[in-house]
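One chain comes next, on its own, written as C-alpha cells: the form predicted alone.
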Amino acid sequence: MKKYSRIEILRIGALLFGLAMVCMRPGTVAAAFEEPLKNSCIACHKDLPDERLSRPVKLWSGSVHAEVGNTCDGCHGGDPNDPTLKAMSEGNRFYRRPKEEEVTGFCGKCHQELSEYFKQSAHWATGTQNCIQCHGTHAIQRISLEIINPEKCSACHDYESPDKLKMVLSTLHNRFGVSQEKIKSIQGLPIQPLADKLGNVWNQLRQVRMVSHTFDMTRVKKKAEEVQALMTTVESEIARLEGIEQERKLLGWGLIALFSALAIATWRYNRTEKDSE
C-alpha cells in the first residue's frame, strides 16, 4: 500500500473538506458558521428557572432593542460569545445594573442627543428621574405619544403641562401624516421634490421631539413654529399640484364628453343621410 506524505494527506483532507462544502446546501453551510455566534447571554438566561433572571430576556424579546439588534451586551457589556461565566467578568466590562444616577448616561451611549436634552430638564434636576421612568427598561417600545399620559405623569405632578406638550407634538404629527398621504395620492405629476421637502420636515419634527425632553414649553413651541412654517410651504405646494391634477381630470372628462358628443352627432348625421336616400 502506498504511503502518503504529511503534505499529501493535508492536501487530500483539504480537497475532501472543499467537496463537502460544495455538496452541502448554502443554508447548511451558513448555519455551520453561524452556530458559534449565538448570544450566550440570551441562550443561558432565557431558560433559567429563576424568573428574576429569565424575565429580562422575555421582556427584551418584544422590545425595539431586539427589533434593531441591540442585545444584552449593548447595555450591560460583557462578552456574548463566551459561554462561560467569564462573560460577566470585570475584564469584559460587565455591568450588572447601573446606579440610578448612571442610567441617563448609560442610555446616552446610543441616544446621546436625547440624553443631553434630558439633562437640561426639570426632571433631571430632581436627581431622581431618568430615562426608565417614562421609557421602561427591558420592554422598551418605539417612541409613541402614548408615553405622555395621566397615569405616568400624574404620579409626580399635575397633568396640565404634559397635556400641552402632547397637544403640540400631536398637532405636528397629524399635519405631517395628512401631507404624507396627500403626496402619495397625487398621480401623474413629479412628486419627488415635494417628498424630499417633506423628508426635511420630518427631520425637523424629530428635533422637536428631541427638544421636548427638556420639558421646556417655550423652547418646544419655538421649534414647533419653525416646523409649522415648513409644513405650510409643503401644504401650499401640495394644494398647487392637487389643483393641476384636478384641472387635468376636468379637461379629461371634458374631452371625453366632447368626443362622445361628436360620435353621437356623426351617428345621427349618417343615419339621417341614410334615411334621405
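Residue numbers run from 1 along the displayed sequence. The structure displayed is predicted, hence computed values, not measured ones.
Note that the form predicted in complex with heme C isn't included here; everything after this is about it.
Site residues A195, T232 and S236 are none of them in contact with heme C in the model of the complex, judged by any heavy atom within 4.5 Å. At the 4.5 Å threshold, heavy atoms of K182 stay clear of heme C in the model of the complex, well away from it.
Contact between H123 and heme C in the model of the complex is found at the 4.5 Å heavy atom cutoff. Of the heavy atoms in Q204, none are within 4.5 Å of heme C in the model of the complex. Interface membership of M167, defined by any non-hydrogen atom within 4.5 Å of heme C in the model of the complex, is ruled out. Of all the residues from 62-93, those having a non-hydrogen atom no more than 4.5 Å from heme C in the model of the complex are V64, H65, V68, N70, T71, C72, D73, G74, C75, H76, G77, G78, D79, P80, D82, P83, T84, L85, A87, M88.
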